[in-house]
Every structure is written in C-alpha cells, then in structure tokens.
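Listed next as structure tokens is one chain, alone, in the form predicted on its own.
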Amino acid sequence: MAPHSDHGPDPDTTSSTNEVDIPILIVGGGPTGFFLAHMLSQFGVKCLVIERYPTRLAAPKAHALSPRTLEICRQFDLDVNDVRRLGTQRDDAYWVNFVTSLAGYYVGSLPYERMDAEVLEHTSTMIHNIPQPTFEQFVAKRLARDGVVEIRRNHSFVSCMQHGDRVTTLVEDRDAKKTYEVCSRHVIACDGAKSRVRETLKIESEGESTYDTMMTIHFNADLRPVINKQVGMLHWIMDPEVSGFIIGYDLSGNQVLICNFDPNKHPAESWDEQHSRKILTAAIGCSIPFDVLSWRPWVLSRKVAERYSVGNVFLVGDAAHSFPPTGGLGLNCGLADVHNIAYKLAAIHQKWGGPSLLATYESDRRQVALVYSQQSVKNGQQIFGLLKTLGTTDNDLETAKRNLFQRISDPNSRPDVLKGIEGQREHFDNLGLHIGYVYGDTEIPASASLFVPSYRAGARLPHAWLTSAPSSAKLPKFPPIDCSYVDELDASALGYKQFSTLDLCAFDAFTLIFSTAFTTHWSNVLSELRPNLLKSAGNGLKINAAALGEDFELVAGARRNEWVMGLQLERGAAVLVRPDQHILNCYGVDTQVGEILKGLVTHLGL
C-alpha cells in the first residue's frame, strides 16, 4: 500500500537494507504504547517501541487515572501506592469550583468524581489526579529499570505491508535520515488521534468535529494565595472573556487553562505570549506573577474508528477513538484497551490462543468507546447549556459580562444558576463508566454515575475487601494497598482495606473462584479439564483455583454477603475470570466439564 504523502520520509532520507525482526511492533511512545510495552514484557513477549519525536510534550494533557486504570496498574506490578505519591493529593483535588475568576465571585461547587471513603466499597483504588507526562515517565522508568523493551525515539512510521501473518513496516530514523524495515507478526498503533497508521490502513471514523476551537495554555503560577481555601481539581471560569477551566495539577506551580475562543476574532496563528497572558490574567482575576510555558490550539471532536484492525495491525487508544475532554475519559479508555488486548496478544505468541481471539478486542472495546464518546459530548452540551443560562454566550463581550454578574447576583435568577451547576453532577461523576462496563453489552447506560456491581459474563469481577493476602502459593502476591490518604478511615478500617478480590486474578492466568465447601467437586473438574486443554493450548494456558474460606476470606459485612450471593458460591457455583479480570462465565455445580472446555476453547480461538 502506497503511503500518504504526509507519511513520506524526509526527501534527503536514504533507504537501508537493515531489517529488524520482532514479534510485536508498537507505534507510539505515549502512555498507551508504554503501558502495552510494560504488559508484554511481563508476559515475556518481546516488542519494539518506535516514537516519532525525540521527546514528549511537557504540557500536561489528561490529569486523572480512573479507579479501573489503577486496578490494572496493580495487576501488572505498577505499585499504586507509588503512583498516588505523585500528582495532586486528594485534599487539593476534591472539588470542582464554578467562579467568575479565581479571585472573583464564587458561584458553586461539586465533588470531583468519587473521592469519598464510601467509593472504596466498589474499588480498591479511587481515582487519582496525576499529569499525563508524569504517569508516562513513571511507566518509562519502569521499562528502563526492567531493561527488556527497546524504545527508539525520533523513529517514525512511514508505511506497512502485510503478507500472510507477517507485517513489514517501513520506519524512518529521523536522526540518521535513513529508512529501514521492521518485520513483525503484529503492529499495534498507539500513535494518537492523528494516527498515521490508521490513515495508511484507510480506516474511517464515525463521529463529528464540532469545529469549536480550543486553546490549551500551560503555565506556572502559585495560585494558593488567590484561591485560599477554595481548592479544587477543576476551576470553571465563567467570565466570557475566558470561557474555560483551569486544571490545578499543582496549585503551587503547574497549571493548565483550557478555553474556548473565536478563531474569527483571534485566529490560532495570531496567538502569542502577550494574548495568552491577557486571557490568563482574566481567568486568575488579579495580577500575580506567572510564566506562560506554551499555548496549543485544537478542535473539539468525537471520533471512533469504524473498525479497530486490518489483518494483524490494530488500533489502540487515541488512534482508535478521540473524545472531547469533558469527562476525562480518553486516556483511561486507551489504557483499558491495552489491558484487553495484551493477554490476547500474549496468548497468540505463546500458542495458548488462536487468531480469532484478537477479533474479540474490537467487539469488547469499541462499544465502550462509543459510550464514552457520547457521554463526553453530552457533558459538553450540558456545560454549554449552563453558560447559555448565564447569558455569557452573547456576541458582545461587555453585554455577556453584565449578563453573568446580573444572573449570579439576582435572587430571582440565582436558583436557576445553582440548578444549572447541579445539572453538571454527572459530568464529574463517571464511576459507572469507569468500572461498570460489561463486555458484550450494547445498552447505553442511563447514567454515567450509577454503578451497580454485575456478576455476569463480560463484567469486571466485582471488588470486595479480603481479610488478608491470598494464602495459596499459586495466586499472585501484591503489596498491601495504602489507603491512609483517606483521612476519614481509622487504623482498624485501614487494616481491612489492603487486599481486593481483584488480587485473586493473575495477569497471565484464568482464575476459577468457588467456595471451599465445594472444593472437592471443582478440583475434580479442574483435574479433568486441564488434560483436555493441554491438547489444544499446550503448557502455556494456566488456570488458577481460588477457594473462598481456604485460599482467601472476605471482610465480614453486607458487601461480603452481596459478593457471595451474586456469584452464587454458597450454592456450589463457580466463576471463571479472564486474565483481564473480566468474567468469562459463571457455572452451576451441575455444569459438565465439556461445557467449560467449550467456552474456554471458543474464547481463545483454539
């Protein structure tokens, strides 16, 4: 396939006959690319990462790791306690504030996502705010420490050709001004919203651009003297001169302002430091020293690729989907993509899975992206509706400002303003989307916020706290989770919030969970099942057993009762969990071995 002209190497670049042969080529050295490289290294599958640029942008992008992302980190030996020491601490991140400017009138607040102690009944790792570059560096340092993944910076994807089950990729070494070929079985495109790989494959996207032009201004300022006790992760600036929000990565230094602007009045190319300073000063609302580090325009859009693969080339993360930032769902969706595809790639390369297993990557993940993209657009529409209620969308700036101050101060209109802020609550509470998606489910959730644990095939294994680490030597070992950042918890409560039912699931094995009262029955089932699987999958496929009451115990209480009842363990049932912690199937005590074998073989494509 001929490459698009934009994909061509520098005119002075020369060709090289040197070839690289690697099982998996990852295009893109951002968070999804590095995350996938780390996972594959844990599986023992070799990969090569190529990154178009010599360094990554320092400007923060995404700012929050969802509960699900942190659960995944933990499963793959990225210590969530270390991650939580980086970024914004809970006390500073708890609120979303609506203000005319940081130094101006306070209009209202909402909680930022679920950071209350009660959310720990549904996840072991509540959301954490950390700049995307900081998280990238965290994963990159782990890759460097492990020393098994090669990362080639300033090496750019040019084109690729597929022959049978092999992919030949032309890569440009932009330092040496030479091209070379990489031969691999799979290529995973983690190269962002403007994916060159997706364009080369001629994969179209569904969705739309709103053509609302946004500007991201990265700056350093000590905002604490301005906001005093009104701390928060997000500060929505209602002043129509700004019409955006400040992300307080570090209220003493690192900040970003994302604002909407009229390209007819202020074309993107006309922006400079002076204009950026003017907008920032309006957002802050008073004169304080600050440094403008960068400004970057972009267009608000919602795109989801119509398909996630062509042959052995797969799209992951922003290469497969891009959402408006209203909701903060993009990065976390991409990292969950990686989690889904990693064990499937490992299964194929280690011969315990067949090619059709990778077809389930698109059927699992694309529907999630569609739901996330729709929610992001909905959030944007709701916040715009609030601004309209405030009258800040008037074309005349001074009129818009008068409208704003009149509506927030008038006792007759203020209730409508507060109602409009309350209407944003779902925008800032996405727990249902973060941990509630069920693979195979095409229903659009009624609310992004509502989370009800699901005990059916396709759902993430519900979280419940364990009394201690699993005792079986065959189950994975993790360090205790440190929840001491939640001030409301006393020492006794902290002692029972260290290990989760998700810790039963090894990243490289299926896990069969049952009650110790039925250990003999399910042990016999496994004894009969394993030789049959050996014929199809060889020694690579592992199934671990986890018996409640023997290998692990749950903290007593209503949550324990719900978990046991949901899985029907006291009635002799068992649940088989995939390596990605999602339920493959639930089995009654009378289920025949042949049915379990068929389900596994079908899923694995053997």
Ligand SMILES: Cc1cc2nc3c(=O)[nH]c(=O)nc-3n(C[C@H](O)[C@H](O)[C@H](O)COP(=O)(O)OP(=O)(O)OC[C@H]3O[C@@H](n4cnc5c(N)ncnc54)[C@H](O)[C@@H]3O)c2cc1C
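Residue indices: 1-based, along the sequence shown. As the structure is a computational prediction, the values presented were derived from the model and not from experiment.
Below, we turn to the form predicted in complex with this ligand, even though it does not appear here.
Can you pick the one in 123, 501, 132, 424 that has a heavy atom within 4.5 Å of this ligand in the predicted bound form? The residue from 123, 501, 132, 424 that makes the contact is 132.
Identify which of 450, 258, 148, 161 has a heavy atom within 4.5 Å of this ligand in the predicted bound form; exactly one of them does. By the 4.5 Å heavy-atom cutoff, the listed residue in contact is 258.
Proximity to this ligand in the predicted bound form (heavy atom, within 4.5 Å), stretch among 442-450, 331-339, 86-94, 274-282: Heavy atoms within 4.5 Å of this ligand in the predicted bound form occur in 331-339.
Applying a 4.5 Å heavy atom distance criterion, does residue 61 contact this ligand in the predicted bound form? Yes, residue 61 sits close enough to this ligand in the predicted bound form that at least one of its heavy atoms falls within 4.5 Å.
How about residue 218 - does it come within 4.5 Å of this ligand in the predicted bound form, if we only consider non-hydrogen atoms? Residue 218: no contact with this ligand in the predicted bound form.
In the predicted bound form, does residue 235 have a heavy atom within 4.5 Å of this ligand? The answer is no: residue 235 has no heavy atom within 4.5 Å of this ligand.
Check whether residue 246 has any heavy atom within 4.5 Å of a heavy atom of this ligand in the predicted bound form, and answer yes or no. So residue 246 does not count as contacting this ligand.
Give a yes or no on whether each residue among 32, 56 and 196 has a heavy atom within 4.5 Å of this ligand in the predicted bound form. All three within 4.5 Å in the predicted bound form.
Contacts with this ligand in the predicted bound form - residues in 122-161 whose heavy atoms fall within 4.5 Å: Sequence-ordered list: 132, 155, 156, 157.
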